[in-house]
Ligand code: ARG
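Take a look at this single chain, the form predicted on its own, given in structure tokens.
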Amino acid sequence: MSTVIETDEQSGTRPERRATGRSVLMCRPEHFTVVYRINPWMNPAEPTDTSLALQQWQALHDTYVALGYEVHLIDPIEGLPDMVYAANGGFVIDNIAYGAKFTHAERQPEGPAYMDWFRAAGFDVREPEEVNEGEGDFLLVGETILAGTGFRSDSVSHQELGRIYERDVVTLRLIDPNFYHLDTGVAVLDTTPGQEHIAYLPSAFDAASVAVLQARFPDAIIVNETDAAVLGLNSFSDGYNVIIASRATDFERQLRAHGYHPIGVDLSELLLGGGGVKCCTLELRR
């Protein structure tokens, strides 16, 4: 499915934005809480509200359904409160699911659980040898995979990724612990080959990585620190509709100026665990 959307008044100078169908995997936060600390966002001393997390997650789920996305669900497992962050569970292109191998012991049982789901759903599952946290650190842009390292995924996993998918893999190093996964510092807006478009926060990366991003994406949207601090970049785009944190107001303005249709959602409760829209969304590319 592909819907052609008219762009803004600058349509003569910018690519036409197209909404294309998406298939995603999500996990209800039935067991969400913060009982350990593996990123700066998490504070076990701060109370969490599981029922509120469920309500906010449901709003995101319903937004996807309303947009016509195919939404699949994996059953949550008691004792795995971070399983709601489905993007970390693997990486899927061309019906091949590269499984996750988590850094922290608290999340390691999630890897096999997601691989079991992939197998049952008919994907060709590749069990990882190297430490990686799935689509949290791997983003497909056109025919290229941007791959993050620095806090969670080992850079050696990028080589494994390249062998599995036979695509170019570009390594980017994260240096700010608040942006510990690539999908917190980069948002993929348009994956269309020839008009690839992203948004990013320069301060999340080392100088060499910023230079790579500037060279590859000279027209990228640069997001400010305020919007990045509410995980505004942790968003999901179908090429036209971009689901973002509702508090990322300047990012919303910039998206509209570039011909996109931003849709704000409130995932403030799940932010207490260090996740946002994209963290809750694993794209399934058949």
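Keep in mind that this is a model prediction, so the values were computed, not measured. All residue numbers are counted from 1 along the displayed sequence.
Not on display, but discussed next: the form predicted together with this ligand.
- For residue 148, no non-hydrogen atom is located within 4.5 Å of this ligand in the predicted bound form, even though that partner is not displayed.
- Residue contact with this ligand in the predicted bound form: residue 87 places a heavy atom within 4.5 Å of it.
- Although the partner is absent here, residue 152 lies within 4.5 Å of this ligand in the predicted bound form, judged by heavy atoms.
- Within this chain, residue 184 lines the site of this ligand in the predicted bound form, having a heavy atom no more than 4.5 Å away.
- Stretch-level contact analysis of 22-30, 244-252, 37-45, 55-63 against this ligand in the predicted bound form, using heavy atoms and a 4.5 Å limit, identifies 37-45.
- Distance criterion of 4.5 Å from any heavy atom to this ligand in the predicted bound form singles out 180 from the list 205, 200, 180, 98.
- Contact with this ligand in the predicted bound form holds for none of 15, 196 and 239, as no heavy atom of theirs lies within 4.5 Å.
- Contacts between 249-281 and this ligand, taken as any heavy atom within 4.5 Å in the predicted bound form, involve 273, 274, 275, 279.
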